[in-house]
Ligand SMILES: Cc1cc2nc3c(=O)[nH]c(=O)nc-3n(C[C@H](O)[C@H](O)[C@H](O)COP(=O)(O)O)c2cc1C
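Below, in structure tokens: the form predicted alone, a single chain.
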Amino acid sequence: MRKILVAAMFSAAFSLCRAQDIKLLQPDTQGGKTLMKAFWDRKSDREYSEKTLTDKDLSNLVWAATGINRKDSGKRTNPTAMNLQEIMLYVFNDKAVYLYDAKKHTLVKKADGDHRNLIAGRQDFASKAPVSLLMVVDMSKYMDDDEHARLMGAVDAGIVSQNINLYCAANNLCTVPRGTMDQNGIRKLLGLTELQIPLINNPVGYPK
């Protein structure tokens, strides 16, 4: 009887933990400005409204960054070297930190609390954005951790950032690509390995 009770308690605790994950809305197939208009409107913004991103905008944003757009092959909106898909996308908000699971189109909770200050680093304006997206390059996906592999990882992270920039420009959101952040603090918080490198981030919000 005791074993059954313990198992039930463990199952309930696990379910509660998983319930804190966020199942995102299905991404839109239409909407936003044309691609050319988004290029005209793309700019770096460092001021943001405190308004929380809608579920729709958050769901579309992370999918645009690195979501699956070909279900038969699992390939992404962002090309990567040898299709290694080595870019890990983390979402920071005022409640928690999440890792984007593209296969399930779900935000998986990784840490409680508001840790946007780690993304902001020495630039306080970034901590005021309701959401910050962090691109981490997982170099363990490469056979060799050499200079060329690291350059390719940086290129791939830049592509994800550009996807974010263009989604924001097309949907009246504000963002700016940044390299500034507290890398050591982020590594400790997320339990990253030496081969998982926080490389670039995009604070995102509505116009102030």
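Here the structure is a predicted model, which is why all the values come from computation and not from measurement. So that there is no doubt, residue numbering starts at 1 and follows the sequence shown.
Separately, the form predicted together with the ligand exists; it is not shown, and the next lines address it.
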Option from 25-33, 64-72, 38-46, 144-152 whose residues, in the model of the complex, bring a heavy atom within 4.5 Å of the ligand: 38-46
Is Leu166 close enough to the ligand in the model of the complex to count, meaning some heavy atom within 4.5 Å? no
Verify the contact flag for Thr180: yes if a non-hydrogen atom of it lies within 4.5 Å of a non-hydrogen atom of the ligand in the model of the complex, no if not. yes
Taking heavy atoms only, is Ile200 within 4.5 angstroms of the ligand in the model of the complex? yes
Can you check whether Asn117 is within 4.5 Å of the ligand in the model of the complex, heavy atom basis? no
Under a 4.5 angstroms heavy atom criterion, identify the one residue in Leu58, Ala170, Val176, Met139 near the ligand in the model of the complex. Val176
Along 140-175, which positions have a non-hydrogen atom within 4.5 Å of the ligand in the model of the complex? none
